[in-house]
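Take a look at this one chain, the form predicted on its own, written out in structure tokens.
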């Protein structure tokens, strides 16, 4: 049934009810003085039809609203109290008013008839609401919603009501009595079928216990005050004998139902706490299962876990311990001071209670020597391991005070909940790691971009000096740096350096180093003096954890020499006549020591070039590249490759070196940048070559293989 059709049907029912109410008033006004049987038959037909339609309307309305049984009971109680008050005071009020007003009327019975009609219709409406409410209560929480018994009872109540009209003569009294007795039996039988009482909380049961006995008493009093000799009964009999009888049966139903409800509730009180706990467990687990996918913050999640743990297990306190790098840390605590939780944790961990537990374990604090130091009198604990990938990551602990202990059913509930909690905590930690990883990757992207802009875009070209460079960045950005500088006519300077540390901090230091050497190379012509000055500057800017190893050199094309100084960097390798010679002048890394000590240990050397001399500069990413056995590539293997390919061009030599290093470390990740700079001397000097390279600067793009 769609909404539109429902609206039409409801409007139709309201229209029918209104028409029947108006018809009842008109009919009774027209024939108010008639006492014939036909008058009552027609009258009862109209009001009984009105009652049936009204009950159907109320049943439909209540079914749509689906009220809670406690709300329905409260409504019935309020209406029954209203009925009680009406019965108590209606007689005096109505009689006084009727006398005062009727004295001025020609037809004195009209007003009385109108008031009695209104009075009767009011009770008709009350009876209809009671009946519709009984039906809702009867079917609420019934798994088997067969309406047979209720329908049969309804039929016999209707027959009993109508028999009061048709069979009120003495010779037919047995028919009336038969329907009445059967109706009472069916009312009692249906009143026993109360299914919903088990599904309400202990607090609601206690309230219901009080309400049901009061309402039952009210129904009994109303039934007593509705006798045929009483004012209320007289008016209702005048209005409609059938409605009078039906109203009495509805009052009987109410008295019996709420009396049964009182005793049923009384018997359910002892088990109410258990039901509350189970209901709390289910609702908490449902709530928590949704929370697993929603909570991103580990601290918020931990607080939720401890909060729900106290509800699920009816514990007085709960807290979570997690193991971080060998230390046990309290992630969250609920209703317990950190000092108390820490004292209990120390006891549990030192006593070995937490060792090798695979599920929730219940223990007491009887053997806890420092129990007197606790600010609260905790007596019993339930300890659950929090697992991830078959490894215990921590513990969820629930505690009870005042000698209350945990039972096996508590253990099952906490055990189930701890499984959910383990998954939730693991998911949250993984998410946290994922966010941190993403942040680091973005940081590395920035570092790579800085590194890319700092390194030369291409190598310089000279007729008597071949230059080749290779730079392979590591995933984490190691901080390698090399560069070429224009310093004077026929002189060419270079630097190769390695900044300690990785990531964006190393990239920023690298940028600072580039700025320092770019400036100093224009001011000073001695490699030693430049490194001393660079150390003086960097010592003031670098923190104690950072330093820079560097090798700075100058090639003099006129004198055919190379001079260089080394500040803690890898040695230079000279390949001449199929042999290698390591040049390792003394020097301390930049930024490590004061300038006096630095300059005292710094040495500058000079090498005279010969034809086909190859001189190689590199960073430790080459010699410290590792294979799957964690062996270093080493200087020996590096030297052998250089000798083997010394007769080749600088580019070919560089490619052979990188190929061997790559093959050597193919089963091991590269953790450091690899930088290789190779010079090869040719006899003839060429000034134009310097100019050609100078005109190619700035070199903003690094060469990566």
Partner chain sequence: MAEFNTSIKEQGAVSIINLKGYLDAHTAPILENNFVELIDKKCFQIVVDFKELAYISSAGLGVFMAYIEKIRESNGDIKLSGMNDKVYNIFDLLGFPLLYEIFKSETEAVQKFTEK
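Positions refer to the first chain, counted from 1. Model, not experiment: these values are computed from the prediction.
Only in words, not in the display: the form predicted in complex with the partner chain, which the text now covers.
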Can you check whether residue 77 is within 4.5 Å of the partner chain in the predicted complex, heavy atom basis? no
Can residue 501 be called a contact residue for the partner chain in the predicted complex at 4.5 Å between heavy atoms? yes
Report yes if any heavy atom of residue 116 sits within 4.5 Å of a heavy atom of the partner chain in the predicted complex; otherwise report no. no
Give a yes or no for residue 568: in the predicted complex, does one of its heavy atoms lie within 4.5 Å of a heavy atom belonging to the partner chain? yes
Using a 4.5 Å heavy atom cut-off, which of 148-156, 416-424, 335-343, 537-545 contacts the partner chain in the predicted complex? 537-545
Scan 512, 136, 632, 307 and let me know which has any heavy atom within 4.5 Å of the partner chain in the predicted complex. 632
Go through 597, 430, 181, 71 and name the one with a heavy atom inside 4.5 Å of the partner chain in the predicted complex. 597
Can you name the residues of 590-612 that have a heavy atom within 4.5 Å of the partner chain in the predicted complex? 592, 593, 597, 601
